[in-house]
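Single chain ahead, by itself, as structure tokens, in the form predicted on its own.
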């Protein structure tokens, strides 16, 4: 399996380490030989059609802050250049999520799909703004678009709802989809002010460079869009979400909720409407998790309500979700009669 990797931050580097450490058992267990033939970051690129040395690539990124020092040639190719010029099977898109125009991820994904590459994306921007059209483009070009790392990081929320609840009709769902806001609200419940809780979250590296993505509910709304489309079969994008963040949650609001045996959580819900907003949740509700945990409850027609809980972010966790998607693509291709494709 020849892979192009666009984006080589924490997630991209974690994926490189994961693939490097599991080369032998991936082939032994799944018959797959991942070979990264091109990598692009914001400052340059590295290319080797026989497969990049992933350990060396990570070391160079750490030392120079870019992969362009890997070799003297092809060091200034863009992500689009790699997609257009290299023979590859899969694009892994892990550039930074952008909810204004979804670039450069949108261009990377659309061009890869048009060229006939399968795509694994952990970039939420393109999916939040154009999920229905991207899925149609993938179907038209007879390729697969997978994105399990966009919701829940390493916790298989999307896979659980799609596969473990297969045959069921999911009627509604609600959940905590942003670990940063959950951490801040947990600290506020423990007596910290909003300002102090935010500062603590920043010191721990939990807050996005653009804090509005967390605090104003954009990240949670993007994940809600992906869930609603993938699980409920909706055709919605980010502007369809009613969104309120946590900036106006006060310590007095937290105390009022506690008197009712509740905690305030930023809840993303899909029932009659798609809403992201602070909400009082009973403290004995399985959904009422603390710290950076994510939790989501699915209510289905016959199985009732089931809750899945796990870590929502992290480089290693998200890299593991990318590997799951790569194996899923491998399995789908094999099922369609191309067992030796990779």
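Because the structure is predicted, anything quoted here is derived from the model rather than measured. Numbering follows the first chain given and starts at 1.
There is another form of this protein, the form predicted in complex with a small molecule, and it is not shown here; the text below is about that form.
- None of the heavy atoms of residue 54 is located within 4.5 Å of the small molecule in the predicted complex.
- The closest heavy atom approach of residue 81 to the small molecule in the predicted complex falls outside 4.5 Å.
- When the small molecule is considered in the predicted complex, residue 179 lines it closely, a heavy atom lying within 4.5 Å.
- Taking the partner from elsewhere, residue 93 is found to have every heavy atom lying beyond 4.5 Å of the small molecule in the predicted complex.
- Taking the partner from elsewhere, no residue among 3, 41 and 108 has a non-hydrogen atom within 4.5 angstroms of the small molecule in the predicted complex.
- Listed stretches are 244-252, 164-172, 216-224, 195-203; the contact stretch with the small molecule in the predicted complex is 216-224, by a heavy atom cutoff of 4.5 Å.
- Proximity to the small molecule in the predicted complex, defined as a heavy atom within 4.5 Å, singles out one entry of 313, 58, 37, 32, which is 313.
- A single residue from the set 240, 208, 139, 103 has any heavy atom within 4.5 angstroms of the small molecule in the predicted complex; that residue is 208.
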